[in-house]
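Encoded as structure tokens, the following chain is the form predicted on its own, with no partner shown.
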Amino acid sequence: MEAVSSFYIKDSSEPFDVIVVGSGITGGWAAKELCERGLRTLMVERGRPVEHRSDYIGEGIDPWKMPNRGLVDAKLSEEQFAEQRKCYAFDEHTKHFFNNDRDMPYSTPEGRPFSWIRGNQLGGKSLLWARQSYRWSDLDFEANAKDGHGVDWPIRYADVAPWYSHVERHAGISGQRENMAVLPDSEFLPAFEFNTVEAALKKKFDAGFAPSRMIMGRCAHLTKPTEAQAAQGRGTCQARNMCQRGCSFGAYFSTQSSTLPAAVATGRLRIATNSIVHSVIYDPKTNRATGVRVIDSETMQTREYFAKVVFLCASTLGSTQVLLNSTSSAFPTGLGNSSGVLGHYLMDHLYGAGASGHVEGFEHDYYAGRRPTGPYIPRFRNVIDQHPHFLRGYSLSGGAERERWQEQAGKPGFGKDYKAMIRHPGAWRFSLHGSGEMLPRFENMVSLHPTKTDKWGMPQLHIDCSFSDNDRKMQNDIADTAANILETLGVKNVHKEIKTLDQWPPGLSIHEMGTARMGRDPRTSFLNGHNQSHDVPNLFVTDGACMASSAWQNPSLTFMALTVRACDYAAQQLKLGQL
């Protein structure tokens, strides 16, 4: 493959077929699909270039070889990464993949925190994501219509199923067929294995909690690459658990390892990095988007790019910020916002609740190496019978491991006996923690701050999001149910946990959704069933902003499938002269 750098541009008067704003999970897919359908495509990314392999500067480096032993300097952390440092993946090896909060701030109301985790570089958060990959089912696509919270999705599982398959075959999803209606099977590579303790607890769980089942978590890692994946230079997952540093093996799915090389190979892709999209250019005479205005992040100069179609894939809040900033006499509150829903119905997932405890026995068992996923219990709550206190449901995930020397090092002791103790693994522990569905609510919203701006003069986002009574009751049930499962399985010294708002505010689950939702009615939704603006036909939004509900599964696989589906539709409409 030619070096990606040969495709970078700055100023350009070239009229493109499509502009894709963003280069993360959805932007990468949009570029690949549109280029492969013969369309000249410009990818616009606000961050710096990142070359596969050569720019993974923290990869494979042991903590003791880092200047600060893997930790981020306290002053630097406070000044530049006040929010980003809350992410599990943030440390000295990865900080260069995270947003600088000092330069790109946002605001929240007093007492209503929100953690906006961002990765502004080519590849976006596809370099950092946790890679859990699950299909939705009709249980999820029909939920809004059945209980009246949120608008009815304009699509159902059958509409998305072939696009899930398309994405899975290219990306590579490890897992095992389970034939569960609540969690449709994917196109799988071999699954990762349970360790001895997990296998024993799975056997008890499957017998005692049927028809629920404990399965191995499905993740975007190559356990046995296909010929097509190997041809891209992607290799088998080494289970190093350093994924967020970048993977030179290309074993986990990212823009750099997978979709970007495919787009580049067509010869139809151009890439503009360090280009902050200020707004979408709109022509009221034709009622079409004609391009984007950008600010160069390094020089502060402005420029414009033009195309027949615009795809916004800049992340849920990133795309919403661009749309809110794209005002005109026709759309004074944001491009395509005749419905007034733009910025509203923000959702995240409910994390931070669960339980853990000790597993007796198995002293002679250990596990070899690491693994990028773990045991997973798909949703069972409110699948058949309605819980009396809350709507929707959640999954549980976790795993078993032995206490390592790090935990032993924190225990009291001294001398010969203490040294002997830390040479041996400690007790086995098993944990389960939830991922719950957050209801779409109008009052959870983002807007442009009337006076505050960022380093480049862009209005800051003001994020006003809080948990509802339904959310809190679900979190309580997650902790209670996880504890009950563990005790039933014979786990000892079970401890329940529900993190406080300060410990786990909205946003920290990094699954933002909503704010430009799909729907059947243009009066109550922003997009139609093809991720196409109701108001501006050649404007598409395919990142998490399009979601009408959050479901309980990790959403990235659905973002990808919806993006590919929208690209196919847009390409067809272009050929027909409809856009």
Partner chain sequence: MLQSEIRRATLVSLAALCGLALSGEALAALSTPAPELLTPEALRLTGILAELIIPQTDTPGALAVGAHKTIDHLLRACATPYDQQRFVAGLARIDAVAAEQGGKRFAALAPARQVALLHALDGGASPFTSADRAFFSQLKSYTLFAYYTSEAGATRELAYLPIPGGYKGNVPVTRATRTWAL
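Model, not experiment: these values are computed from the prediction. Numbering follows the first chain given and starts at 1.
If you look for the form predicted in complex with its partner chain, you will not find it shown, but the lines that follow are about it.
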item: Heavy atom within 4.5 Å of its partner chain in the predicted complex - the one residue of L71, A427, M180, A228 that qualifies; value: L71
item: Sole residue of R288, R240, K452, R472 within 4.5 Å of its partner chain in the predicted complex, by heavy atom; value: R240
item: Exercise: K146 in contact with its partner chain in the predicted complex, heavy atom 4.5 Å; value: no
item: Contact label in the predicted complex: Y88 to its partner chain, heavy atom within 4.5 Å; value: no
item: Exercise: F442 in contact with its partner chain in the predicted complex, heavy atom 4.5 Å; value: no
item: R370 within 4.5 Å of its partner chain in the predicted complex, heavy atoms; value: yes
item: Its partner chain in the predicted complex: contacting segment from 453-461, 72-80, 331-339, 114-122, heavy atom within 4.5 Å; value: 72-80
item: Residues from 346-364 in contact with its partner chain (non-hydrogen atom within 4.5 Å) in the predicted complex; value: E363, H364
